[in-house]
Structure formats: structure tokens, C-alpha cells
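A lone chain, given as C-alpha cells: the form predicted alone.
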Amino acid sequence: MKVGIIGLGAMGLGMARRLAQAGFLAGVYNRTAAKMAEFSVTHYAQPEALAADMDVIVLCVSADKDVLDMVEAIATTIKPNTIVIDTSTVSSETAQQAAACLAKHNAAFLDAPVSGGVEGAKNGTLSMMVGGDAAVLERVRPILACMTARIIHIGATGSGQATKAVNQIMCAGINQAVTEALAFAEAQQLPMAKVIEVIAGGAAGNWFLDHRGLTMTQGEFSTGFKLALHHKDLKIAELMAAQAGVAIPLAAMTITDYEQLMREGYGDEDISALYRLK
């Protein structure tokens, strides 16, 4: 199957490289053409042209409107039986709208958001939560396997995005706990590298502490998952929670903290920049 990818941002670029290394990638489209230069496959000037040629299309864009705009564009040229896999983080409602749009053209849709950060995209160790037809997922599983270490079919269309919202709410809590605890450790004048090493091996150990503990305590926030993007994801989760009548106060606090940091010009920094407020 010919695979094309639309969107070569921080996550999309890593996934495209994994697809290319595995021999699946046949075409790329990105609004900034320079990002396509490294790939020895067809570079498309328009997403509609890519859609006309591909059997599988991977989307990796930023927001709900971007996904719907892109789906509406490729639907004009997409071939019947094409499979569109959206790895963006959007709402369950957006996933359902995208699936309905493509179904009119006899194309399949999987909402397949990922977790694992830029490192996971680079190393092919992402965790993917998938909503949609299980049989469709099985058709593309070998393709997805080159980008991921774990692929879980959650259920119907939109359930992948709902699971990603769970992930993002949990990440907010972990970010709050780790940054607060490390700020406390610094206030106790403890040797931070040793503190991080010993705690990482115990019950409080976690990915965020392992990968961001030292950098945040050294004032380094330049790599990883952008704070503004996590804010966007938490706003989606906040809306979904309101619709379900569920309170998510820790996520709400994180949204407020992120908005302060964004006003101060730190929106493009890693989410560990929350440490600036502790």
C-alpha cells in the first residue's frame, strides 16, 4: 500500500522518518515545503494531489479545525477504500465528523492519537490509542507498527480521542506533581541529580521525571511537547468533561498556569516550563 503523510511538525516529522525507514512512505505534504526536502519520495504541493495517489493517508496536524479542513480537502480527490489515519489530538466529535465526511466517499477513518512525545516519534516507541473499525486497523497495523511500540484498539470512532484526553489530563497532574516536588527539593538545598535518580527508581518514578527532571532543574525547557499544545489539548478535555458533567480541577488549574506562562512568552517551551511558576 502507498502511504502518504500530511503534516511534518515535531511529531509528524518523526513518524514520517520511521515510515520512510520501513519502506512504506510514498508521498509527503507540508505547508512549509522546506520540511519535505529530506524525503526521497514525491513532494506534493497540495493535499488533494497526495490523496488522489495514496492508499493510506496519515494526518498529523494541530487542531480540530485543521483536521476538518484537511479532511474536507482530501475528500474531493480521495479514492474509494482509502484509509485515513488521524494521529492529531482533537475532540471525539471532530473525529466523528471526519469519519462521516470520508464515509460519503467510501473511505475509512481511524482516530489514532499518540503518546510518547517527540522522542517516541523519533524512536518508533509511541503508544497509539485507536478508534474506528477494528478490521480496518488490522489492515494498516504493519504500517503503524513501525511508528509505535503499542497499538490498542479502544472502540468506536472517537474513542481514541477520548482516551487521549484521559492521557492529557493525567499528564497535567504529573506535571504539577513533579514540578512542585522538585521545587520543594531545591528549597531543601538537596543535590538534585541524586534526588531525581533515587526517586525515579521508586514508587514515584515516571517518564516525565526521567526525561525532564534534570533539564527543568537546570533551566532548560527547549525540547519536547510544547506547552501551548498541551494547553490546547486540555481545553478540549475541559469541554468534553463539561459535556459529561465531570469535574477535572487539576487540569483546570494547569490550564490557568499555562495561560500565565503563555502570556509571559513561554508557550513554545516544553511543558516542564511549569517549573518556572513553582
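Note that residue numbering follows the sequence shown and begins at 1. Note that this is a predicted model, so its numbers are computed, not measured.
What comes next is about the form predicted together with a small molecule, which does not appear here.
The closest heavy atom approach of S88 to the small molecule in the model of the complex falls within 4.5 Å. For L8, a non-hydrogen atom is located within 4.5 Å of the small molecule in the model of the complex, even though that partner is not displayed.
The small molecule in the model of the complex comes within 4.5 Å of no heavy atom belonging to Y44. In the model of the complex, the small molecule sits within 4.5 Å of a heavy atom belonging to C60. For the three residues L25, V140 and R141, a heavy atom within 4.5 Å of the small molecule turns up in the model of the complex in no case. In short, of 94-102, 196-204, 180-188, 117-125 it is 117-125 that has heavy atoms within 4.5 Å of the small molecule in the model of the complex.
The contact residue chosen from L229, A49, I248, M240 relative to the small molecule in the model of the complex is L229, the criterion being a non-hydrogen atom within 4.5 angstroms.
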